[in-house]
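Form predicted on its own, single chain, as structure tokens, below.
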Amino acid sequence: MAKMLIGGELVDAQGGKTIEVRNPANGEVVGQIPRGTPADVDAAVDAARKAFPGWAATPGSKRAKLMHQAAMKMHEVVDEVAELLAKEQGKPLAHAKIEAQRVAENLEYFAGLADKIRGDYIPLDDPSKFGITMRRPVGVVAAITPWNFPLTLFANKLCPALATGCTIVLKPASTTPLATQRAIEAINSAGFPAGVINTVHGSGGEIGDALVSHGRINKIAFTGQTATGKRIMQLAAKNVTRVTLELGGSDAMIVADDADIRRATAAAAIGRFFNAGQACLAVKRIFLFEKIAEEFMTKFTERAQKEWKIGEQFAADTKMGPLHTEQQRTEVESQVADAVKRGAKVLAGGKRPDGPEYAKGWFYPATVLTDVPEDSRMATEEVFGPAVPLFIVKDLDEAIAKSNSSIYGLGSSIFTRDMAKARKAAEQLDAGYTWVNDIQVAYDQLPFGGAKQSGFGKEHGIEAVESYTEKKSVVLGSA
């Protein structure tokens, strides 16, 4: 059974209870975790608070060295962590390995920034004085991460926290805690002082609420549903705790009449069907110029039917595993059914796969629809699964207007050979990210975060370092 890491020790929950973790492909139990209590949250926060002064005072170069060592420790357990991730989350093993490897890469990137955090010199009107700014770590961070990319998303929070001198209490999703816990143990074995890194397992309603409303937490970093993000804002307001929220998305992809259709269909398929479509940052609505609509639909449908084979996550030919939970599959089915009932046509997928190999898991195929009403659930809600609506538009203005009609604004993309169109889309699409002629992949070097109800605050890049520090002004007068 997995443990919790609190104050440098691996411990069980104080209440003695546990939670089973199951494989979404067959329902089998793959492990257990402690069911944490508010008392465990208090212990973890106390440990992080106790460790904070020493870690904040540690030179950036030393923090960087430990983070590089942690990256090496992570490299050593990539295969082990990936296997745990595939079992508990459902994604193909090859994709799980990519995600596990990304943790090490993220550590290395932020290690490179740890000794480069600096302030500014500011001349003042009075020549006998001058001002400086300095960046100080915010303190103890509460990080709450979801089940869809549990490793990537905990690393997005852990790494800038460590680099800036913050300590952290991490609560992974209760359905995908095993890989995260193992990765944390490997990282911590690099020699971080006790209490710098802590984990508490349990439900969001109990452990998550206890963390975000805790009076000794200085920053909350959350990735998950918009509705949960709104609740976190309410709880955080009690103590005026700063928050970074990476929430839902309904990313629009625009395919212009001069686009490279082969590249566009390939990017759309990866952007929609990778991880069974369970990603905040994913292609979820596709807008096609009339001239290329039929060609795109035909080729994209072929990719969905032929390339994205569903199956058990350890099968060599599996491209897409099961959805993570029964509830998740039911939700996607309901959204598709709503569109079909109102006149939409299914071009690919649209129903559960037949066969005994699919009977015990939450499998659903790559699904493509057209003639989807613009006020349907598929068009207005976030679709967190492998189903996508295709819409036909007459020009770029219409495509941008319909893209921006969503309450979300996380990512967006456009395929065109016309750089004037690309620039216009980049300037006018209401989203935190826009890709031009490229797959929707987030880069460590670029800030990542959303607009509108997709959240606020940035992860990745130097902007992430800024969000884990507080800028302080200092005036220096003559002695």
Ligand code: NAD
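Predicted model, so just to flag it, every value in this text is computed and none were measured. For every residue, the number given is its place in the sequence shown, counted from 1.
Not pictured, yet referred to below: the form predicted in complex with nicotinamide-adenine-dinucleotide (NAD).
Participant: Run the contact test on Thr330, Lys351 and Asp354 with a 4.5 Å heavy atom cut-off to nicotinamide-adenine-dinucleotide (NAD) in the model of the complex and return yes or no.
Facilitator: No.
Participant: Taking 4.5 Å between heavy atoms as the contact cutoff, choose which of Asn148, Gln335, Thr241, Asn106 touches nicotinamide-adenine-dinucleotide (NAD) in the model of the complex.
Facilitator: In short, Asn148.
Participant: Considering non-hydrogen atoms and a 4.5 Å limit, which listed residue (Pro160, Pro386, Pro322, Pro172) is close to nicotinamide-adenine-dinucleotide (NAD) in the model of the complex?
Facilitator: Selected option: Pro172.
Participant: Which one of these stretches, 75-83, 255-263, 393-401, 206-214, sits within 4.5 Å of nicotinamide-adenine-dinucleotide (NAD) in the model of the complex when only heavy atoms are counted?
Facilitator: So the stretch in question is 206-214.
Participant: With the partner left out here, check for me: in the model of the complex, does some heavy atom of Leu410 sit within 4.5 Å of nicotinamide-adenine-dinucleotide (NAD)?
Facilitator: Yes, Leu410 sits close enough to nicotinamide-adenine-dinucleotide (NAD) in the model of the complex that at least one of its heavy atoms falls within 4.5 Å.
Participant: Mark Leu153 yes when one of its heavy atoms lies within 4.5 Å of a heavy atom of nicotinamide-adenine-dinucleotide (NAD) in the model of the complex, and no otherwise.
Facilitator: Yes.
Participant: Does any heavy atom of Glu382 come within 4.5 Å of a heavy atom of nicotinamide-adenine-dinucleotide (NAD) in the model of the complex?
Facilitator: Within the cut-off, so yes.
Participant: Looking in the model of the complex, any heavy atom of Arg135 within 4.5 Å of nicotinamide-adenine-dinucleotide (NAD)?
Facilitator: Flag for Arg135 set to no.
Participant: Using a 4.5 Å heavy atom cutoff, which residues in 122-144 contact nicotinamide-adenine-dinucleotide (NAD) in the model of the complex? It's fine if the answer is none.
Facilitator: Result: Ile144 alone.
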